[in-house]
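Next comes just one chain, in structure tokens: the form predicted alone.
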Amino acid sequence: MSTITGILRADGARAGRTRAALIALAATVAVVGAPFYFAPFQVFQLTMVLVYAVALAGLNLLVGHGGQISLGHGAFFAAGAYTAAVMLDRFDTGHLATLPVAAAGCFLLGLGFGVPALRLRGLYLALVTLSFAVFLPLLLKRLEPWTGGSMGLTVDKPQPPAWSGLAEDQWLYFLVLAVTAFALLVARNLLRSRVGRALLAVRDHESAAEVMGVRLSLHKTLAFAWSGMFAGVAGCLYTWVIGFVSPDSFSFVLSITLLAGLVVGGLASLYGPLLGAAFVMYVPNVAQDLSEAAPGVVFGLLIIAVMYVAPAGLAGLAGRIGSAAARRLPRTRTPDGTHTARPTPSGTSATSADPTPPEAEVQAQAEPVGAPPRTEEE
């Protein structure tokens, strides 16, 4: 019987891997083929979803895994966007050269801004980060010789090479897709490293993490630095895609919208940034179509509705749907004629041929070791 059970478990694991591979292949085909199927404006929207996904991946490091609240993420986004725009407009550099400079500059900016995080937490930290998001657009307007002031800067978009045969929107899509895939891979590997485990320990219990040897000051500051770096990369991609930057495009509303998108997508989730980015991109347009007079009210009501249906975010809702579907799987018949139920949450399979009923298991667990057998009177 144990041999049959082992064979069944191996077959189930093999089937699970095959199913995951097929899903990944289908997703890859859909992502690669999207710019050839949709209209240019729809391709632009998909490209912006990828841009926001990079920004939310960085915010997820800070909020979802680091446990720190930030309402100033839009400021790092703006810093990366203006770094790329100034380099393209004032210094006439190549587009690819702006990406590492924006990433490094925002990493250093986040490193310096992470110092207040050492002594502040909760609402106080959120207020300080919000002040940064409010202050930066005003500063950009004052630096008119470099930033163009209130008029902003207009720059050229990356042009597709002749050998590619792609339109401009398609080339931008694949360019941003490559950077987004690399950024998400870096975020995934970072969370699985010692840094990611240290961030989780700090988030769950600071005192216990410090006793275990985690340097709180270092990892809190690094959380802001990594988060700022991802936001800077997203801002650089934003400049590539839009071709125009202005201070009014990066108000504090952007920071609040990014945080709302992360919460709706799912905190501390691998796919939460992607789902949250789609929410940030498409839901405001839906709110505008539903009510041109008060789109903000509709947007807020939609957020409340989503959080009521999915308290753990859209990523958590997808997991709940998958678990419910697994619980409804029909029973299968084993070679010896017994029936196997669906897999239990612990990964084992419950069979109808179990020789020990649940009551007997409970009674056997309650019996002390070495106790004499009970009689019928007992």
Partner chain sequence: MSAVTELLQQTVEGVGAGAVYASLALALVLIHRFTGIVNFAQGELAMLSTYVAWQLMASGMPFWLALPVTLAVSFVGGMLVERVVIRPVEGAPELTLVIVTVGLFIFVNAAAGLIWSFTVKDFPQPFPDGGIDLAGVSVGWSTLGIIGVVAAVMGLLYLLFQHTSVGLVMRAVAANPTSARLSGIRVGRVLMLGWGLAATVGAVSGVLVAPLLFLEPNMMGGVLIYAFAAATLGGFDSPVGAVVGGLLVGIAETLAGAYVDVVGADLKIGVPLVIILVVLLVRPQGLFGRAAVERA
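Numbering follows the first chain given and starts at 1. Here, rigid core means the biggest group of C-alpha atoms that superpose within 1.5 Å across both forms. Everything numeric in this text was worked out from a predicted model, so none of it was measured.
Below, we turn to the form predicted together with its partner chain, even though it does not appear here.
With respect to its partner chain in the model of the complex, the three residues Arg119, Leu139 and Glu292 uniformly fall within 4.5 angstroms at the level of their nearest heavy atom.
Although the partner is absent here, Val263 sits close enough that one of its heavy atoms falls within 4.5 Å of its partner chain in the model of the complex. The closest heavy atom approach of Ala312 to its partner chain in the model of the complex falls outside 4.5 Å.
Heavy atoms of Val297 reach within 4.5 Å of its partner chain in the model of the complex, making it an interface residue. Proximity of Phe91 to its partner chain in the model of the complex: non-hydrogen atoms within 4.5 Å are absent; the residue sits far from the partner. None of 192-200, 166-174, 251-259, 270-278 except one has non-hydrogen atoms within 4.5 angstroms of its partner chain in the model of the complex; the exception is 251-259. Put simply, of Leu130, Met87, Val214, Ile242 only one has a heavy atom within 4.5 Å of its partner chain in the model of the complex, and it is Leu130. For the options Phe182, Tyr124, Tyr282, Trp146, the residue carrying a heavy atom within 4.5 angstroms of its partner chain in the model of the complex is Tyr124. Although its partner chain is not shown here, in the model of the complex the stretch 68-97 places heavy atoms of Ile69, Leu71 within 4.5 Å of it, in sequence order. Residue displacement note: Ile69 has its CA displaced by under 2 Å between the shown form and the other one (rigid core superposed).
Comparing the forms between the shown form and the other one on their rigid core, the Cα displacement of Pro40 stays under 2 Å. Leu184 is not among the residues whose C-alpha shifts by 2 Å or more between the shown form and the other one once the rigid core is aligned; its shift stays under 2 Å. In the model of the complex, the CA atoms of Val306 and Phe41 move farther apart by at least 3 angstroms compared with the shown structure.
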